[in-house]
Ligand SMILES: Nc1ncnc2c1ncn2[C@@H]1O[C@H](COP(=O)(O)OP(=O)(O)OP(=O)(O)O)[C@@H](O)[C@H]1O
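Take a look at this single chain in structure tokens; it is the form predicted on its own.
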């Protein structure tokens, strides 16, 4: 069994407007030490899947209808809350998207890192604070600033603190939820380089959630493209970038600028993502796809293997892959 194996996960949110189908029949696997990119537009279900792995979905509105998440052979969804708390933070850690809301404004950054350490390691206050200062130095912040509060740090520095908290207990699986969204380009590069360096030192696996295909190319070995709560294409970074099959994947690529092409206008994906309360009956992408047929509108395509290790959810079964890629 893989280091992390996700089988047929289905997650809904119960809202006043109806039932939101957030994650639909997602299957994924991750080997130890491997890095996986989850790519898709806002609202595709990427963060919901990450929170499901961490078991931090809101209990009042979220429902896990079916599926299994095996970590080292143990189904996380069947663990008692106390046992899951032992794993969360020590074995599996998450870097959250917004560092300002992820940090407690009334505790110093040193106290917050030390708290994470004491939750999982039998150390006293002094040892925990020493570890906190070491982690701050590791992420490029002077240990002397451990007594300062989150509001005294810049956005990039706050994100480094969040990373220090996530890595304080040497987790074996690190989930990074758009860790560079709120940062400028220069700081983005520094933060990602730091994550990769620390991950290599600790031999951790990585799930990188992003909508930036460039980040995936630089930091991941495999990639899953998610649309409307389901995987539409999955494979190695080389396979996806060199031989993309699904029209949504192609749309993502054609909507970003390329430094080697002189293009006056980018080509966006037409239309909007479907209402998750009222998803299309057939292919979820059919309302925005130039190649959609009546079959696409009425029948739901399965995820099939177009080549070794490369999976795609499309009735064209990869026959149009070459045409898509050349557009």
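None of these values were measured; they are calculated from a predicted model. Positions refer to the first chain, counted from 1.
This protein has a second form, the form predicted together with this ligand, left out of what is shown; the following refers to that one.
With a 4.5 Å cutoff on heavy atoms, residue 61 counts as touching this ligand in the predicted bound form.
Although the partner is absent here, residue 15 lies within 4.5 Å of this ligand in the predicted bound form, judged by heavy atoms. Shown alone here, residue 301 lies farther than 4.5 Å from this ligand in the predicted bound form, counting heavy atoms only.
Residue contact with this ligand in the predicted bound form: residue 178 places a heavy atom within 4.5 Å of it.
Judged by heavy atoms within 4.5 Å of this ligand in the predicted bound form, the contact stretch among the candidates 65-73, 41-49, 280-288, 26-34 is 41-49. For the options 97, 218, 90, 236, the residue carrying a heavy atom within 4.5 angstroms of this ligand in the predicted bound form is 97.
In terms of contact with this ligand in the predicted bound form, the residue from 120, 211, 130, 145 that brings a heavy atom within 4.5 Å is 211.
Of all the residues from 14-38, those having a non-hydrogen atom no more than 4.5 Å from this ligand in the predicted bound form are 15, 20, 22.
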